[in-house]
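Just the one chain here, the form predicted on its own, laid out as structure tokens.
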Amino acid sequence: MIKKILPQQYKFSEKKVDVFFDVDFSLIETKVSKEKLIFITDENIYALHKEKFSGIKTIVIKPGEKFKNQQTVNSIIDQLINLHADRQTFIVGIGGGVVTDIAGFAASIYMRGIKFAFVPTSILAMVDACIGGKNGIDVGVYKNLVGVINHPEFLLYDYTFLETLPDDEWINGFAEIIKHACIKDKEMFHFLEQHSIMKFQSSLKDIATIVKRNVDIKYNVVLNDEQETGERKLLNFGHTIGHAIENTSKLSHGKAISIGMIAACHISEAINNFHKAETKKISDLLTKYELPVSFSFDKQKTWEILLHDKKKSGDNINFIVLDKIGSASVKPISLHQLHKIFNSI
């Protein structure tokens, strides 16, 4: 008798998401018939795990943030049409954050929306990008400017994908894990202080534990604020300046967010009485996980990008500051004051 695998469920106002932790990729075919399935992945994942895609219609896209745009979405839609995809088609995005963002967005607009699911294959996607229903694309240098909030039917975590994940992508993902610890989980912050990238890479049990903990943190925040009117904004800690740096440099998302978090710590010191000693603890932890805490960037160009951030409202911007490690809040700050602090960092 085959043991039935039960998911963890996260229930939203109009939908529930099933999350299958530490399972085999083949579970997908017990959830959706092969005839309805279309996989979307990128060239890197397809080349490394070709056997997993055997016998399933698959759309393969170019890898990397620079292809997270409308042109790629148009190409996916053209291929869906050629594959005779209809309202019963079920899309599964298999890859990192770029793939899950694009797959979720394409599925949400094709025929006014068809069902989809994700198999995240990177740390960043597992703990952040595929969770919460945000699916979108970049427009030029402006990240995630176009998109929707639409949850997948399920998430499937097959940790064997991490066996081929490059070291840089492990580092990239831990920026978001540290972010979650900074805003919501002091105990996890201490847990991370006692571990290292190498420890997590060598222990399936430890990586499974830390991934699940981060999924719980993010989903619980999203459950309380699906449309990002309040608490969900906390998840943007480090992202206001981090995204602007990412868009004006060749830094990866995680490395840019790491620098953004340190900048946000300094701003927290200036407007929220956050202690310098806490900033140093965060800086030390980021350094331990091989993430940068400083970077020489074009401040004027970065500031111009920052002015297009979605959190800007008139002459103010809602900025995420730390009260202490494990606790954060949203504070409006005038662009004039932010510019002054930003230039002093």
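Each residue number is its position in the shown sequence, starting from 1. The structure presented is a predicted model; accordingly, all values stated were derived computationally and were not measured.
The form predicted in complex with a small molecule is left out here; the points below concern that form.
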{"query": "Position in contact with the small molecule when the complex is considered in the predicted complex, options A117, A125, A264, A256, heavy atoms within 4.5 Å", "finding": "A125"}
{"query": "Answer option from N44, N69, T58, S283, heavy atom within 4.5 Å of the small molecule in the predicted complex", "finding": "N44"}
{"query": "Distance check, G97 to the small molecule in the predicted complex, heavy atom within 4.5 Å", "finding": "yes"}
{"query": "Touches the small molecule in the predicted complex: N135 (any heavy atom, 4.5 Å)", "finding": "no"}
{"query": "N214 within 4.5 Å of the small molecule in the predicted complex, heavy atoms", "finding": "no"}
{"query": "Any non-hydrogen atom of L48 within 4.5 angstroms of the small molecule in the predicted complex", "finding": "yes"}
{"query": "Proximity to the small molecule in the predicted complex (heavy atom, within 4.5 Å), stretch among 78 to 86, 168 to 176, 103 to 111, 138 to 146", "finding": "168 to 176"}
